[in-house]
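Taking the form predicted on its own, here's one chain by itself in structure tokens.
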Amino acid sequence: MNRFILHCDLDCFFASVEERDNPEYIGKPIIIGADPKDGKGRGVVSTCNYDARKFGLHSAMPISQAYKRCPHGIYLHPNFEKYQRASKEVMEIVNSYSDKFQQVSIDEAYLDLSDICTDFNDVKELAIKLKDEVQKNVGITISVGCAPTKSIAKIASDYNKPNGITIVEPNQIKDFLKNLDITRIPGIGKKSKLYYNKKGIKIIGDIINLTLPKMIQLFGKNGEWVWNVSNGFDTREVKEFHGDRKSISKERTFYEDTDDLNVILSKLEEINNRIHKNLIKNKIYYKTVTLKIRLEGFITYTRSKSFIHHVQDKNQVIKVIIELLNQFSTMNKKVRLVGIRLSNLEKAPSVAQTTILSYLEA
């Protein structure tokens, strides 16, 4: 039986929502992120539209560098509540096409249409209908990739961006992948790319041409993963919660380094609230709480505590964060960044403690 896996990816999501709500922005570089403060701002670019990318801007770029490259761009602070509303509207549409639905981020989701479609022509018709419905009802565009595996569907959704559909049938997998850069494979980033390049592997076709034992010899388990992806052997299922996910985290950079405890605590409470919106929605519980602090000079530390049982209680988390913060010495340095990570995740445990009387040090 053929598998028909869709990866649906909203195009420049935050920027697209801003263009939808502000038509005068269309055709202009839009950068969502920290305030650039005339090139002296702190923080990074969250996302930007394709007009901004023409100037070399990209996600995670320091906002000061983005401003130097594109000082005439429209710089906007993220409106997360608005983006969450738009995301919810889109995901309700996507989910309506199949019960086998997995949202993996605010702007990405998978669908399994194997029980609905009989061939790839059916898949294409459905993908067109889905895209049109999103654009008509939400006012933004979405790119769709379809393939027999999740990994290739994700690669395909990026192939014809923006607002594209790419279908990769089983007998087309190797031809589709062979000339693509290896960084298209999930799990190969900029650093690991250099290691692969040293071994003579630059495009996915170089991986396809090697045997699995050779890939394992050269790159261990990671080599096995990328070889399987390259040859269409990713058997992962589409499901609401990926049980192998290890943690959920968020962090924020201050506009200016600070030693004001009230400002630091306020930011940590904001981060904690944002994390728990996602946890509550997806019925995810956790055991370990980690506080991250980056000081001026980019010195970074973490401190952790673990509960006895899996929990889902933002009030208990902030209590732990305050305790960790009180134990932490900043060495008379100001704080540049704070973050919270919740780990040892579990999906809706049968017995979950919502209040904690004690916890153990990790």
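The model shown is predicted, which means the values in this text are computed figures rather than measured ones. Numbering starts at 1 and follows the sequence shown.
Below, we turn to the form predicted together with thymidine-5'-triphosphate (TTP), even though it does not appear here.
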(request) Sort through 63-71, 320-328, 44-52, 306-314 and report the only stretch with a non-hydrogen atom within 4.5 Å of thymidine-5'-triphosphate (TTP) in the predicted complex. (result) 44-52
(message) Residue-level contact is defined here as any heavy atom of the residue lying within 4.5 Å of thymidine-5'-triphosphate (TTP) in the predicted complex; does residue 346 satisfy this criterion?
(response) no
(request) Give a yes/no on whether residue 302 approaches thymidine-5'-triphosphate (TTP) to within 4.5 Å in the predicted complex, heavy atoms considered. (result) no
(message) Can you work out whether residue 10 and thymidine-5'-triphosphate (TTP) are in contact in the predicted complex, taking contact to mean some heavy atom pair no more than 4.5 Å apart?
(response) yes
(message) Is residue 263 near thymidine-5'-triphosphate (TTP)? Define near as a heavy atom within 4.5 Å, in the predicted complex.
(response) no
(request) Consider the chain as shown here, without its partner, and state which of 106, 216, 203, 279 has a heavy atom within 4.5 Å of thymidine-5'-triphosphate (TTP) in the predicted complex. (result) 106
(request) Tell me, out of 161, 85, 199, 283, which residue has a non-hydrogen atom within 4.5 angstroms of thymidine-5'-triphosphate (TTP) in the predicted complex. (result) 161
